[in-house]
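This document opens with one chain alone, in structure tokens, the form predicted alone.
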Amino acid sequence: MRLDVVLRVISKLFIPFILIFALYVQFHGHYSPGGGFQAGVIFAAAIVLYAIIFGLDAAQRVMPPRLVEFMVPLGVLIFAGTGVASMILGAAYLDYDPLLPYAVDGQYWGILLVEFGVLVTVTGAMIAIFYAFAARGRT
């Protein structure tokens, strides 16, 4: 690991751009291809790259396993909670119209919330899978 200075420097430069691209895919997903799933995989790929270059222990300091385990149900809760909020307000499940006074705003923010829930779940699941495989044989 001492001789890979170039990889370390380049990855330190690229990882922030990968994370920004994940956010772009997330927030542009309802206008073009992309969304929560793709953004979650891209976000997780940045963490996996970090783990490959700097080691699993360093990656687990950045994204602790407890946080990763918490992300999966949190994303499902955000997704399902958006649908339940629609039902409480008198609409069908995941009908975002009543979420805000104007239906267009409700649709916009409802889709963003659902896609954010997918992002959180997919990121957590992908990193958890990587951690499980990367930790094999370490004990």
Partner chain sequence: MVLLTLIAVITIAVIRVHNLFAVVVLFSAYSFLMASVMLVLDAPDVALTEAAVGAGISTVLLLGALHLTRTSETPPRFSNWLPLVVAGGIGAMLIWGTWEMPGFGLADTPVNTGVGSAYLERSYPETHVPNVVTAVLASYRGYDTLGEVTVVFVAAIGVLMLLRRPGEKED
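These numbers come from a predicted model, not from an experiment. Residue numbers count along the first chain shown, from 1.
FYI, the form predicted together with the partner chain isn't displayed, but the following is about it.
*Asks:* Using the partner position in the predicted bound form, report whether Ile20 sits within 4.5 Å of the partner chain, counting heavy atoms only.
*Replies:* Ile20 lies outside the contact set for the partner chain.
*Asks:* Taking any heavy atom pair closer than or equal to 4.5 Å as contact, tell me whether Met126 reaches the partner chain in the predicted bound form.
*Replies:* Met126 belongs to the contact set for the partner chain.
*Asks:* Applying a 4.5 Å heavy atom distance criterion, does Tyr93 contact the partner chain in the predicted bound form?
*Replies:* Tyr93 belongs to the contact set for the partner chain.
*Asks:* Indicate whether the partner chain has at least one heavy atom within 4.5 Å of a heavy atom of Val118 in the predicted bound form.
*Replies:* Taking the distances in the predicted bound form, the answer for Val118 is yes, it comes within 4.5 Å of the partner chain.
*Asks:* So which of Ala85, Val41, Met63, Ile53 reaches within 4.5 angstroms of the partner chain in the predicted bound form, heavy atom to heavy atom?
*Replies:* Contact residue from the list: Val41.
*Asks:* Out of Leu89, Leu100, Ala58, Ala80, which one falls within 4.5 Å of the partner chain in the predicted bound form, going by heavy atoms?
*Replies:* Of Leu89, Leu100, Ala58, Ala80, the residue with a heavy atom within 4.5 Å of the partner chain in the predicted bound form is Ala80.
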